[in-house]
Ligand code: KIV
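Given next, in structure tokens, is a single chain: the form predicted alone.
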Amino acid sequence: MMLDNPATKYRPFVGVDLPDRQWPNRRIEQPPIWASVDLRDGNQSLIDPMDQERKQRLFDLLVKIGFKQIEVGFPSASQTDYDFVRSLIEGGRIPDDVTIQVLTQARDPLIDRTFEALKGATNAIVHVYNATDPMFRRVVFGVDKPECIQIAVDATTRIRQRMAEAPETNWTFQYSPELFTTTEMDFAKEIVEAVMTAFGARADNRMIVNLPATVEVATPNNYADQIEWFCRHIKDRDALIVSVHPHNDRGTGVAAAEMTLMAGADRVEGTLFGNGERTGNVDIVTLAMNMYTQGVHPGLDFSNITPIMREVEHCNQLPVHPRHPYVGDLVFTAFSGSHQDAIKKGMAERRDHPEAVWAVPYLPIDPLDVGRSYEAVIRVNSQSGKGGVSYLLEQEHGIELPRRLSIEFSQVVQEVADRLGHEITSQMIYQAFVDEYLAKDSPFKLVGHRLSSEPDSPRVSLEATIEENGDHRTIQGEGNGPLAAFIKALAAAGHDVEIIDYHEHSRGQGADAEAIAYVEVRVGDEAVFGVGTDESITSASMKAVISALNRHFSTRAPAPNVTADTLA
């Protein structure tokens, strides 16, 4: 049960004293060094850890995306990891420009086993850690500060020795003061400097110091303050590659990574889509694509994001959320009517100015940049409006509804959506449009027509054959153009029709193109829309008027009877 006063049990985080912090005024202008930990940190969080086949598939995917540093396991703690590292090296599966990274605890037998696993590697990072947080020093390991430092120094010395014994490998050393964010800053500085001395870190022999937020315990600005403080106060900063490893316990892992890069970090460890223990590691896809939307190429290739997502889902046996930023199946999809209308207008402007800076409402990135089409941007359910309906008819069926007709037809679609109770497809929308405006053929039907005109005269004479309640009759009229003549002919036959609005356009291209006409007419006291299609724009306009008359005289059902079954 939640406490009425949580302050009796929990205390707020006390941040580092940094009143002159500089990072809030900085911008991310270049990508960090990326290090994937999917195969180690990510793998250990899975219900069913990856087998060799899934590990190899994920490793190959990470290489294809562009990662140059990949943590491949904890070979001293897992035979499966040991065997996988050996298979990568012995199978020649590691590109020359890719460095594999392995983790080890600060114990000599485990360090030795780690180097056995790495024998023959071209490039390798050996990552050692020990717990520096005061609670862990006291409760878990029972060591004081000097003893804690000695553990780190001894492990570093052993690793340096083993590296010297295998000069054929291009070695990099990495040290993590575990739970950096809850370690006293002065002590974190002290132990890292002791490790730097033991390793012999210099500007020409840099080591990685990884400063993890192993458990996210505070707002991300605190992590940034700690990184800026550390970078300011550590000796020989140019001898270090400062790395961060944000976790996501508070749901702010991405923000923490961004702020620590602004604060001076050089490198980020994380996983694709944020998989990791508890609430996960930092999500590298989101972090990288955030940079991309600010005009900074992340140096990773997510041009075809859907196959990447599916491969990671297979390897992790975990689904990616449908609303995951940049990636989820629904992330570029709008159901809301107001959102759809804004997107439709933004996309129309984009077509007119394709060279302009990307600026489409509700879409921070062009879906095409990550291999997504525009087909799924707008989908329709009971929450949708005219903008979404019009967009789908235009994009997928070449039907450009005039605004007032769009408003009317959206109500037809709304009735269908309310009745079905779930999303309706573009094909269902089109079928509803056909049923409502094109399929009605009684009481009137246009059978044929003949036009004639005098040279140099705008006047047109029309003779048309229509079917009215099953009977054929010939009507005649004259006017300034075919449509005006048809209206006069209808009036002469006893059907007064007044044109309020008219639109037309071609649908399709080349030999398969057809004309489509939209009319709004007044019949008696009712304003009613009609739509007609034909190879001839003249015939299409007359059919549109017939469509309006049929809708006027017919008893309208609440909505066309469109169901999923009718489209099967």
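Residue numbers run from 1 along the displayed sequence. Just so we're clear, the structure is a prediction, and the values are computed from it rather than from any experiment.
Omitted here: the form predicted together with the ligand. The next part is about that form.
Screening 140-148, 447-455, 117-125, 211-219 for residues having heavy atoms within 4.5 Å of the ligand in the predicted bound form returns a single hit, 211-219. Remark: all three candidate residues (Leu103, Tyr129 and Ser176) come within 4.5 Å of the ligand in the predicted bound form, counting heavy atoms only. Only one of Arg40, Lys68, Arg54, His503 lies close to the ligand in the predicted bound form, with a heavy atom inside 4.5 Å, and it is Arg40.
For His247, a non-hydrogen atom is located within 4.5 Å of the ligand in the predicted bound form, even though that partner is not displayed.
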